[in-house]
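A single chain, nothing else alongside it, follows as structure tokens in the form predicted on its own.
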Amino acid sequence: MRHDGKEQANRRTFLKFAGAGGLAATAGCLGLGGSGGGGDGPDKIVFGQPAAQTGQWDFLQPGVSQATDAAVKHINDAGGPLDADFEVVRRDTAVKPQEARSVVTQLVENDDALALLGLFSSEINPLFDFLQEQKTPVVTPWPGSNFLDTRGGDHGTPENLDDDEWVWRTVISDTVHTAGAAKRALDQGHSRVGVINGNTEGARSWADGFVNAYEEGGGTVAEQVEVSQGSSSYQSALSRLFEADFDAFAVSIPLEDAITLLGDWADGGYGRQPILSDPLAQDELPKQVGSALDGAWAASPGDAGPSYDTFESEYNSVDGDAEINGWTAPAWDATQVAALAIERAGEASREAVEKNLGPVTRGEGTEVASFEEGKEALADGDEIVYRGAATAATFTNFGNVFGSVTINEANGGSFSTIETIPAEELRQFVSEDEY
């Protein structure tokens, strides 16, 4: 329910005398009240989105931006959190830690963002202590790093902020989907593999997760080679890798480098089964490498959440034709849960978001597929449980989610889904008290 005309007029009068800048500066650190049902809430609520608009991962950002824009439109169409206009400010980090530090500071201090809907593993891991100091919830669709398996979330005590670590992710960890890749490799009879990976945090994290799960499953890593990214040729590294005896080889490196590396692999006629890290399930890769890549596959975070159809409908209703990737539906989920946290709190503050992210995703309550359904249920006095598009979006005590894994295979210049591994089959790889 929106404010009536009198309330809006009173608000404008207050702004006139207080000054919009002064009010905005206050909104980020003090709850402005509001009940989500017509109270004296804020006029505008802002979230920030650190984004990969440039840099080596920029090919993934369009789908995440379109999903976020669709979520913003959906939330505003439903009346907005606390009946306020809802906005996401997007700033480019190029996935560089120092740029990310600057962007986070700008979003928190200048834009008064109440939550941050982004940051990659390569940014979060080195900035983890800095992010704790900001005391601003980071609800991100990006990071797969197993560094976060036991860091983040509210430790199961939502009202107590003292033990919180302020980072939540709506995408499954590398620990989960690399377990899916390892399981499929072993199921296909590949008992020995080679591994070649880049030297960034994200590339290493995928390789480490895959190796751990594969060896725990009984496989043998015959050789592992780490390469510097940005090289014009990877022939030397491939020669070293393929001196070993193995059935298949796993590749974890950004897309642009992978095009060069796998082009060298095709030209060299090395053969054997390629297993790709999840960011490489992009049609651009087989288009550039050619038919030699037919049969290569990647295990990606699944899109089997209960509200996927709701997300897909809203995603296709907004301007844009960005390809849906493994981080697109998690971006929708991140925006939904953060907005629902404010609505449940009845208060626009960073602490309120942090305290309510767990309660809107766990426990008992009316199951909702979107902010619109959640706002209506909360107005009726119900507790709510958001069920996500990418996963069920039930946050663990460490702020993680668990979900299925999709196998995408390259053929004829594009990827298509050939198999989904249910979450239940992967839980044996992940201990509940370590995730």
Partner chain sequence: MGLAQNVVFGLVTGSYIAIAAIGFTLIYGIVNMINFAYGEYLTIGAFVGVLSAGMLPLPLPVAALVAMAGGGVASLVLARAFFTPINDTGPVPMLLTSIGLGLALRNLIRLTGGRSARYFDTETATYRFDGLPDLAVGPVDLLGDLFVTSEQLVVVGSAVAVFVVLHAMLTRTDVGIAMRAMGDDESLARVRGIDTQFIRDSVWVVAGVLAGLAGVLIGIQTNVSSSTGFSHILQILAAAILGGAGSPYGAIAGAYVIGLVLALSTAFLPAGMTGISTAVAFFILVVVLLVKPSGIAGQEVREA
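Positions refer to the first chain, counted from 1. If you're wondering where the values come from, they're calculated on a predicted model, not measured in any experiment.
One more form of this protein should be noted, the form predicted together with the partner chain, which is absent from this view; the next part is about it.
Every residue of the trio 53, 223 and 260 has some heavy atom no more than 4.5 Å from the partner chain in the predicted complex. Think of it this way: in the predicted complex, the partner chain has a heavy atom of just one of 192, 240, 155, 272 within 4.5 Å, and the residue is 240.
Among 256, 112, 83, 201, the residue placing a heavy atom within 4.5 Å of the partner chain in the predicted complex is 256.
Interface membership of residue 72, defined by any non-hydrogen atom within 4.5 Å of the partner chain in the predicted complex, is ruled out.
In the predicted complex, the partner chain lies within 4.5 Å of some heavy atom of residue 58. Contact between residue 163 and the partner chain in the predicted complex is not found at the 4.5 Å heavy atom cutoff.
The partner chain in the predicted complex comes within 4.5 Å of a heavy atom belonging to residue 231. Of the candidate stretches 183-191, 352-360, 155-163, 280-288, only 280-288 has residues with heavy atoms within 4.5 Å of the partner chain in the predicted complex. Contact residues in stretch 384-419 (any heavy atom within 4.5 Å of the partner chain, taken in the predicted complex) are absent; none meets the cut-off.
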